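One chain comes next, on its own, written out as structure tokens in the form predicted alone.
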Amino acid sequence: MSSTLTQNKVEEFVSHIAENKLAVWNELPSIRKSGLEALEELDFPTTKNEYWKYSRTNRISKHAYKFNPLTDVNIDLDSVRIKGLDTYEVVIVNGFLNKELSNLPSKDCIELKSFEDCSTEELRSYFSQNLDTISNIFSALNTAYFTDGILIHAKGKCDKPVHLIHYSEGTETISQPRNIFIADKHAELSIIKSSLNKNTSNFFYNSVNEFFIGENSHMNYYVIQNYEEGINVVSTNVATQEKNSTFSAFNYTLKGDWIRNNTNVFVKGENCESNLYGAYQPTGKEHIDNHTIMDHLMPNCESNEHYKGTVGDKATGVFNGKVFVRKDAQKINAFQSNNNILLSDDATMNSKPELEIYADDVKCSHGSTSGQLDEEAIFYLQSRGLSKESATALLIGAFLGEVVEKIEIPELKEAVLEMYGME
């Protein structure tokens, strides 16, 4: 396809969204400007683009999407609440904050407000600091037409986690939430993100989350992706760490037609710890793609990255993780690993861990494995009285359990173990 034809396709795609603009687009025009300008130059990526080699975006680009705030909606929040865990709840419906359904904090240690309650100057100091809107059309699209935004600012040790619940419903509907999470010096914040969708068909969920982890602060971000049919997801997370901070991102994908997760961490201070963990298990014809970047810019830091997946039926899994160690980032310890089990002859896994090192005093390792379940182990478990299905489930649970056990909140860990059938 020629560049002209592709650009016309982008113009047509964007025009449908622009025609459906709501009153909110009269707000924050200077914030949206960079995204609008980028969309005039960008094309939808094809498989010739290395960054999108295994994820076809035509299933998104061929639709004419509209926005739908769904002001009157009935949501079963109990279905995504974590049993026994007290949280602040932020409910976002088709990309828009629903204050009536939310349980917002009113503590000195944490501030939560929508973008409409923020000044342009406040947002500009955080907005798109390390987000790629120049070459990534989905980040540019969110920047230009984000539906609503939440700013969560931890000023001390937050007394309980913040639970973001994203609800999606509709046909050829687009949802573009935008969130900013800030942890001040010595602050502690845990965020849980759950997704819930009903009656979705050709729904496009395109989110951007930006994290700012201050000096000596600690932030955890837990994502549970458990989608019903009819939704395509592009989720982009960008984190910036200052010195002596810890940032941990956990991504657990149980179901989803087509999901692309981008997680990029920029370590801009010394003595930082960064952790990325993920588990995924696509089945049927599902497609799950995890792309990560760990960028070490300063010395004396440590990063750990471990993703594990089982791929069944005719499903496809993708992992592409890249670790940068810049010239001035000496004495870095960086570990990266991706392990997979293929459960059928038709399952596909594309794994590409990468290291790009410009410093000479570092300890870095990366690796990838893909194989099948151990038939001897299954036979042994069957000989002990288990059915083949139970034996298979037990082995899968033990395999994925290593990254689920990293969860630091006991109630959440128990819930996720149960979701994966490991209770």
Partner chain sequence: MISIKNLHASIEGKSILNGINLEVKAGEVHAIMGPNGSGKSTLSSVLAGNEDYEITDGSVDFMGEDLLEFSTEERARMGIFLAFQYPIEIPGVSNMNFLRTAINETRESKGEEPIAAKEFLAMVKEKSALVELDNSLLKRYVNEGFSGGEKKRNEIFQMAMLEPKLAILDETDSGLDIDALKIVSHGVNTLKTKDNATIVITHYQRLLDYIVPDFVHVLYKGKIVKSGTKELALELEEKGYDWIKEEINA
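Quantities reported herein were computed from a predicted structural model and do not represent experimental measurements. Numbering follows the first chain given and starts at 1.
Keep in mind the form predicted in complex with the partner chain is missing from the figure; the text below concerns it.
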| item | value |
| --- | --- |
| In the predicted bound form, segment of 63-71, 38-46, 372-380, 353-361 with a heavy atom within 4.5 Å of the partner chain | 372-380 |
| 4.5 Å heavy atom contact, Ser30 and the partner chain in the predicted bound form | no |
| Contact of Arg59 with the partner chain in the predicted bound form (heavy atom, 4.5 Å) | no |
| Contact flag, Ser390 vs the partner chain in the predicted bound form, heavy atom cut 4.5 Å | yes |
| Members of 382-405 lying within 4.5 angstroms of the partner chain, judged by heavy atom, in the predicted bound form | Gln382, Ser383, Arg384, Gly385, Leu386, Ser387, Lys388, Ser390, Leu394, Leu395, Ala398 |
